[in-house]
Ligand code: NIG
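Given next, in structure tokens, is a single chain: the form predicted alone.
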């Protein structure tokens, strides 16, 4: 296949050469003026000055860019729940009226409401809904999307959700990364203890998911309303022995989850709104990515995860949307990142890193999130002359063009 040279871009931010852990200042970020990207077979061959690349590669097809544009790597959303049916607008109305998350759950709302509605949906309908949401994300520059199950909570329904994610992955041009969250809560129709339910998942559910190659990742919600630390530790250890990568819903309302994530070598610990200096220090000393979810804070009306403290302590911090029907229905990753960056005082470089290569690390993907030779040609271009306009507009400025594996204009 022939090489394609795309450009010139007013600015290119490759994000290459930046650290995977700790704080980043804006002056560490390389900015290429009047740049171009040379691609072949969906991967990046070279990045640099457009005219120099054109002269060095005279046989390359020119994909011209007119007007001011700033090019970034495609974003990676490493934590979503977009495999769901129905709405929880009733929950939201109760919450903004003063009811707590736990009050709503006890009254029949919460996660179980979404389980009930998702179970009623067909696999085909779920795949259609996932595709719609994934394509919306893609139009907004998110080229890789993690998607959890967890609104099925039995063998048949968890398989249905993961099958639907797989089907959607053949339709949407975005890359979809499935995660089994069978350990979301104990389903109300399960006749047994929380420990017995986790044993059911280990014996009856996870082996079939592994055999059908529906997911290589396992997540669990460690919280008073879900599973306690001891139960979660035993479950995750067993899942790890089955060769699943580990992810943890950690420290959302109470602490304990991030410690387990670190001790077991989980890829990421996600939420962290309740994390204290103790948990921050543990995460910073580990290779576990700390994933903050500002959408959940906005949806629940609670404080943000301590992103600034995590970075200053030396942690690898990513930002994800937590797009779900209950606590984070907005789903706009860039808007959420712009808001949390203002509240937590994150630099532009730290914010873009958290949305790209650090988020890819949370998914154990090392082939994306940077604009450098060998990486996937997942890119997005914003219609502006200065990269600072992107966060300044707090999510209102959207990419004019998105490339997935070098395919131009997937958002048009």
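These numbers come from a predicted model, not from an experiment. Residue numbers count along the first chain shown, from 1.
Although not depicted, the form predicted in complex with the ligand is the subject of the following passage.
Asks: Taking the ligand in the predicted bound form, would 357, 368 and 375 all count as contacting it (heavy atom within 4.5 Å)?
Replies: Result no, not one residue of the spot touches the ligand.
Asks: Sort through 306, 141, 326, 294 and report the residue having a heavy atom within 4.5 Å of the ligand in the predicted bound form.
Replies: Of the candidates 306, 141, 326, 294, 326 is the one lying within 4.5 Å of the ligand in the predicted bound form.
Asks: So which of 111, 174, 168, 248 reaches within 4.5 angstroms of the ligand in the predicted bound form, heavy atom to heavy atom?
Replies: Filtering the options by heavy-atom distance leaves 111.
Asks: Quick one: does residue 244 come within 4.5 Å of the ligand in the predicted bound form, counting heavy atoms only?
Replies: Contact with the ligand, no.
Asks: How about residue 137 - does it come within 4.5 Å of the ligand in the predicted bound form, if we only consider non-hydrogen atoms?
Replies: Residue 137: no, not in contact with the ligand in the predicted bound form.
Asks: Please tell me whether any heavy atom belonging to residue 221 falls inside 4.5 Å of a heavy atom of the ligand, as the geometry stands in the predicted bound form.
Replies: Yes, residue 221 lies within 4.5 Å of the ligand in the predicted bound form.
Asks: At 4.5 Å between heavy atoms, is residue 235 in contact with the ligand in the predicted bound form?
Replies: No - in the predicted bound form, heavy atoms of residue 235 and the ligand never come within 4.5 Å of each other.
Asks: Heavy atoms within 4.5 Å of the ligand in the predicted bound form: which stretch in 258-266, 281-289, 332-340, 316-324 meets that?
Replies: One stretch meets the cut-off, namely 316-324.
Asks: Suppose contact means any heavy atom within 4.5 Å; which members of 64-96 contact the ligand in the predicted bound form?
Replies: Residues within 4.5 Å: 79, 81, 88.
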